[in-house]
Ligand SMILES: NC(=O)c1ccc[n+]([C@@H]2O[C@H](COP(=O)([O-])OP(=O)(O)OC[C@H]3O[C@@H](n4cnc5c(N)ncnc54)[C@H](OP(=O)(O)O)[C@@H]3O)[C@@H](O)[C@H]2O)c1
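Just one chain is shown here, as structure tokens, and it is the form predicted on its own.
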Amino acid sequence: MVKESKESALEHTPVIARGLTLGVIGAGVMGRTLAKGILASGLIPRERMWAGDKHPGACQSASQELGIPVELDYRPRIPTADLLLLCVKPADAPKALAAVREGGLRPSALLISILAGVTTTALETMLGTDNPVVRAMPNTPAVVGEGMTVVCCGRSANETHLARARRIFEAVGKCIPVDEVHFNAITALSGSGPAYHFLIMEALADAGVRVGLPRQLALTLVAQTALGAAKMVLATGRHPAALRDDVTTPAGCTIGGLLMLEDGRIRSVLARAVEEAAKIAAHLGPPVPHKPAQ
């Protein structure tokens, strides 16, 4: 297990060496977002990046958006890759990894997967090689550079591989290493988490409209308040309950609103939502054969 405390290794390791080539397999929202972050950070130059996707329309639009080659048949490019970002749907993993194997992935190339529910063991089995594998779980706020990603190593990956993966995801937000046993829970909490917050913000904005605010004003107030509250938790390091108490004056309006939320069992409902999502995350990956096709 690689622990987060080894920050000095990350700081002093040349994680993204000059001349490395990166391939992004899956040019959807997350694939494009990560590619943009990598390009904007200067980690990989545009001329050393390519992508592939199974949809012709996605290939064309992604190529125009990113300024890199994006192709339906990316197998001829596989031997050029030092880093591969796998960003397809979990159900498409067997086919995508078969294409990688057929293309002739070089033994030293690092495969980084963002596929929910697909373990490092499953990835290694489907790939059928001894290539280093790093599993990651990012979330959609990476689109605005505020993503939350966790990463873990497969059996052949080492500190340098993990550091390279971290540097990529730090280009679009925060990234920390965790034990893979936590991945389903993290998928449910931070991977799915933006959807929970969007629902809560929508409900609060509707409440603002209910008490007389224009809708756009209500939504702006809610979104900025959520942003500020999140930054306070991260910046101060204080427990959310302590920060909540700062806002809750005796006999004030805040305590009245909080009591209504407690009456609605908001804690239990949110906990159940994460619990259910974690159960589903555990079964998202495709069935994996014992031995990959040769």
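Just so it is clear, the model here is predicted, and its values are computed rather than measured. Counting begins at 1, following the sequence as shown.
Same protein, other form: the form predicted together with this ligand, not shown, and the subject of what follows.
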Practice item. Counting non-hydrogen atoms within 4.5 angstroms of this ligand in the model of the complex, say which of V29, L234, V247, A242 makes the cut. Key: V29
Check your understanding: Of the options E170, D92, D82, E159, which one has a non-hydrogen atom that comes within 4.5 Å of this ligand in the model of the complex?
Key -> D92
Point to revise | this ligand contact in the model of the complex: L123, any heavy atom under 4.5 Å | key: no
Check your understanding: With a 4.5 Å heavy atom cut-off, would you call L22 a contact of this ligand in the model of the complex?
Key -> no
Check your understanding: Would R46 count as touching this ligand in the model of the complex under a 4.5 Å heavy atom rule?
Key -> no
Review point. Going by a heavy atom distance of 4.5 Å, is V151 a contact of this ligand in the model of the complex?
Key: no
Review point. Looking at 111-119, 218-226, 177-185, 205-213, which lies within 4.5 angstroms of this ligand in the model of the complex, counting heavy atoms?
Key: 111-119
Exercise for review: Could you tell me if all three of G52, A96 and M137 have a heavy atom no more than 4.5 Å from this ligand in the model of the complex?
Suggested key: yes
Check your understanding: So which bits of 177-205 sit within 4.5 Å of this ligand in the model of the complex, heavy atoms only?
Key -> G191
